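Okay, here we've got a single chain as structure tokens, the form predicted on its own, with questions on binding and movement later.
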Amino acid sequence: MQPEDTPELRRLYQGFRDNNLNPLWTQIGDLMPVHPRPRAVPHVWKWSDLYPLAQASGDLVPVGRGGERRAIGLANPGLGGETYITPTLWCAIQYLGPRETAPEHRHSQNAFRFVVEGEGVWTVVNGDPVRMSRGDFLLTPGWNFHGHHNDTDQPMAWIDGLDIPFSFQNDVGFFEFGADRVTDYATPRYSRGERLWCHPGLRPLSGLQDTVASPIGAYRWEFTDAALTQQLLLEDEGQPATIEQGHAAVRYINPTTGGDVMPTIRAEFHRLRAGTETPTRREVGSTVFQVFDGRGAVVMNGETTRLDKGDIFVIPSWVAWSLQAETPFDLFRFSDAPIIERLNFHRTLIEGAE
């Protein structure tokens, strides 16, 4: 239904360009596709490649004012060199050397950390020292001052996740420097937030007001592991405890609302029995996984990639994907689902489902 190419039409189009206008009829297929056609592409980053590069940066790049963090962003190959893993999410490997301190700052962007290996670092969030160790999921909600210090003679690395691309595209970001060090070098086993909030089924009367982000600074691996173990044991007993046969999963939540830990990021942990294959599904919105333990594979748009401990992979919107577990297979997952669901754009298609 495009019009006939005439000198008059060309003059009209030049008038559009001169006045910063674009007619819908020439671009509707790109603006309103039949289904999502993301620029971001499925991709896998191997931990065996990432970690040596992070180590090398530890030898060459200082931590301090200016760079602030020794964090290396994972750039999706489909996004033209932008340091974004998806159009809404940022993911990086951060490396802190022995006895190093990353200075305090705060920003509007919501952030978390997930530790696939190592210990000995404390992140200090609004003055509360929070221990970081293997399997822990740690929060730094937007506009909370935070810094990190390594109390050991060994380096440590972890992944950071933030909503930087979403914040940048919507011009909502603020940033402020804090102390050049951290405000508290204590190394408690449990943070003050955990001591107040991490008691199953109990809410302190001093904290009855709902909060935008979770008041819990660290979700400990011991509890995540126990919850997943019990789901599979209940499945063995014939109880409906898992989301699919052989597939246990939990979502980290804000205890004041029962909703997601932060307004822009969802976080989950998944455990598959050896030999389990999940159904192929498509979802609106972006997802990132990191393998915590075990071996398996991900199938994205029909392409199978083998996965080992630490590997990170991204599933852009509406990409077909499934998981295959060669051994018992543990994976951490985060996504932009709170944004997608709140705007009522969420949709899921599971192949073979009625």
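We number the residues from 1 along the sequence you see. Note that the structure is a prediction, hence the values are computed from the model and not measured.
Below, we refer to the form predicted in complex with a further copy of the same chain, which is not included among the displayed structures.
Stretch-level contact analysis of 271-279, 117-125, 69-77, 149-157 against a further copy of the same chain in the predicted bound form, using heavy atoms and a 4.5 Å limit, identifies 69-77. At the 4.5 Å threshold, heavy atoms of Asn301 stay clear of a further copy of the same chain in the predicted bound form, well away from it. The shortest heavy atom separation between Pro255 and a further copy of the same chain in the predicted bound form is within 4.5 Å. In the predicted bound form, at least one heavy atom of Arg192 sits within 4.5 Å of a heavy atom of a further copy of the same chain. Interface membership of Arg99, defined by any non-hydrogen atom within 4.5 Å of a further copy of the same chain in the predicted bound form, is ruled out.
Listed residues Gln245, Thr187, Gln169, Thr183 were compared with a further copy of the same chain in the predicted bound form; Gln169 is the one with a heavy atom within 4.5 Å. Contact annotation for 197-212: residues with any non-hydrogen atom within 4.5 angstroms of a further copy of the same chain in the predicted bound form are Cys198, His199, Pro200, Gly201, Leu202, Arg203, Pro204, Leu205, Ser206, Leu208, Val212, listed in sequence order.
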